[in-house]
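Okay, so here's just one chain, in structure tokens, the form predicted on its own.
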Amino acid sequence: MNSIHDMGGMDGFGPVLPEADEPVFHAEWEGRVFAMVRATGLLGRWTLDGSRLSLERLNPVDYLKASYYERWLQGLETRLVATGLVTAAELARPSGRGGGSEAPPPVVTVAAVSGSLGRRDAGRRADAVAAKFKPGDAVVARVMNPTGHTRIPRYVRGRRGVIDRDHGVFVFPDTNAELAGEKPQHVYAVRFTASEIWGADAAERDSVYVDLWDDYLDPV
């Protein structure tokens, strides 16, 4: 989407201040939100890309006001209601379990959660899909303005780069987010010079590498 979450190249948000000895969670509720998001994701009612889309559709003002895990919680609530796992009325109750939504889903086991946390290639596919590009090919990132989820940042659209490496075949996030099919295709690390992206004031020796799908690229 072309919304406030796509902050690449934007300024005015203040410096990033690393926190010494930063804890994993700053409050107990953050850990609970993390656990709920991971556990409900195993139910198969939405995809990882779909969960990102629910965050991207937050009101821009609310998005900026919220902390990281506040966004996670709001996105989770949206997904739970949209898939019928709970009702808006149940979420509004201060405590207790509601009875108006559909039957409880299967229990998620500790073993299932542990296994999911260790997976780092869930989006990779073994489909025999022909690559449109190879390392060394000159490409241009498409100028596109989708209304749904996308993984192509605004700051590279219309910019020229070079294929650095082919990562293999992965699920296409734009369609996967909407449960409209995985549409597997190749993903490439594309090298853009800093001056191509940021202008002549950027150091020519610097480069930015962005992972982009076939459908985001055209040959030069």
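Everything numeric in this text was worked out from a predicted model, so none of it was measured. In case it trips you up, residue 1 is the first one in the sequence shown, and so on.
The same protein also has a form predicted together with another copy of the chain, omitted here; what follows describes it.
Peer 1: Honest question, do S3, G9 and G199 all end up within 4.5 Å of another copy of the chain in the predicted bound form by heavy atom distance?
Peer 2: Judged in the predicted bound form, S3, G9 and G199 all sit within 4.5 Å of another copy of the chain.
Peer 1: Verify the contact flag for R159: yes if a non-hydrogen atom of it lies within 4.5 Å of a non-hydrogen atom of another copy of the chain in the predicted bound form, no if not.
Peer 2: Because a heavy atom of R159 falls inside 4.5 Å of another copy of the chain in the predicted bound form, the answer is yes.
Peer 1: Looking at the partner-bound form in the predicted bound form, is R154 within 4.5 Å of another copy of the chain by any heavy atom?
Peer 2: Yes, R154 sits close enough to another copy of the chain in the predicted bound form that at least one of its heavy atoms falls within 4.5 Å.
Peer 1: Examine P146 and determine whether its closest non-hydrogen atom to another copy of the chain in the predicted bound form is within 4.5 angstroms.
Peer 2: Yes, P146 is a contact residue.
Peer 1: Though only this chain appears here, would L64 touch another copy of the chain in the predicted bound form if you measure heavy atom gaps against 4.5 Å?
Peer 2: L64 belongs to the contact set for another copy of the chain.
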